[in-house]
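As structure tokens, one chain now follows by itself in the form predicted alone.
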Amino acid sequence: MNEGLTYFLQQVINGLSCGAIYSMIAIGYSMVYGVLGLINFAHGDLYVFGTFIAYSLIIVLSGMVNPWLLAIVAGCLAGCVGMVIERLAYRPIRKANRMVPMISAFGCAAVLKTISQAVWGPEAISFESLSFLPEGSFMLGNLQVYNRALFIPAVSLAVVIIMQYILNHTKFGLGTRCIMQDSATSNLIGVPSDTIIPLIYFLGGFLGVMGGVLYCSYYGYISIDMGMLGTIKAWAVVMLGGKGSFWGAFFGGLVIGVAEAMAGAYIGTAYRDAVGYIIIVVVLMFRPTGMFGHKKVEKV
């Protein structure tokens, strides 16, 4: 294996790892966007807030409790915060003009970011010693493959499969699909929207924290500035993959991750984000619903 090919494959692996993290963060966002059509600007700051909680729990209980268990606790707490936000900030204006919930989401994001800054400070904090990722690597010819590069996509794929099963084989999933298709009619046939929608926000916050923990472990730091970036990345992945599609979120994240890795390696790090968004524009020109999205058919 020549040096150029080895370098190329290394960037592909790096991109798949980063893209799988994007997918984790985007899956929960995709549910909210798919059900309500709400561009939830608070999603990124919520997952950062929950990841900070995980960081604090691990610092306090280091050596006494498994870090992944603490991350799950933090994810549940963030999910509960998401439910509170839905009840207080989103539900009362659910039927208002679409601009109103977006402004409310901005307000919630600002509140979460302010609380995070007041508690944990504005500076980036090292997350390296709290790594949730397996150590070690192995050689594949001349290519060095780190165990974490396989672990992250495997976790993301497992989450997609589990969420797909829940969506297709549970009463909660059936109710969610009904609301996605027609929220007004679903209420008329007895679907408990006010029970299902808060649970969707809970899952969004929980999965966001799981993705945040992987992201911070992979890059070795956590910062309050990750919130808006996370929201933008999640929205971009959902648009590329398709609204409300878990498989779309998964493969959309991988495509953007690989595109950014290639751009950073061969063009320059300044163009990383631009290349990913260019791909989104090109895909949506030919397939407006995204890679796995379906055009909504209205019967008359």
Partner chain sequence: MNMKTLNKFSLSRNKALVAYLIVLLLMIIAPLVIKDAFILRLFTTTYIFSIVCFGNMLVVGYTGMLCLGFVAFYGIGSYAGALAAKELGFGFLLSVLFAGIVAAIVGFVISLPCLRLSVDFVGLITTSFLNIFLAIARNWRSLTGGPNGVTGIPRPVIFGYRIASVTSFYYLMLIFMVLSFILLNNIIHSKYGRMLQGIRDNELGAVSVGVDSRKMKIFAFTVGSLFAGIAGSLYSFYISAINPDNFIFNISTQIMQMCVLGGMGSLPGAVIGAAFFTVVPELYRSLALYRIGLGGIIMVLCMLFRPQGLLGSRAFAGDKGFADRIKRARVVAQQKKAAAK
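None of these values were measured; they are calculated from a predicted model. Residue numbers count along the first chain shown, from 1.
Keep in mind that the form predicted in complex with its partner chain is missing from the display, and what follows is about it.
Every residue in the set Met99, Ile232 and Met239 has a non-hydrogen atom no more than 4.5 Å from its partner chain in the model of the complex. Only one of 211 to 219, 132 to 140, 105 to 113, 76 to 84 lies within 4.5 Å of its partner chain in the model of the complex by heavy atoms, and it is 105 to 113. Although the partner is absent from this view, Leu88 contacts its partner chain in the model of the complex, with a non-hydrogen atom inside 4.5 angstroms.
Proximity of Phe41 to its partner chain in the model of the complex falls within the 4.5 Å heavy atom cutoff.
Contact annotation for Ala158: none of its heavy atoms lies within 4.5 Å of its partner chain in the model of the complex.
Among heavy atoms of Leu16, none comes within 4.5 Å of its partner chain in the model of the complex. Interface residue among Val65, Met262, Ile59, Ala274 relative to its partner chain in the model of the complex, by the heavy atom within 4.5 Å criterion: Ala274. A heavy atom within 4.5 Å of its partner chain in the model of the complex is found for exactly one of Ile72, Ile166, Ile125, Ile93: Ile93.
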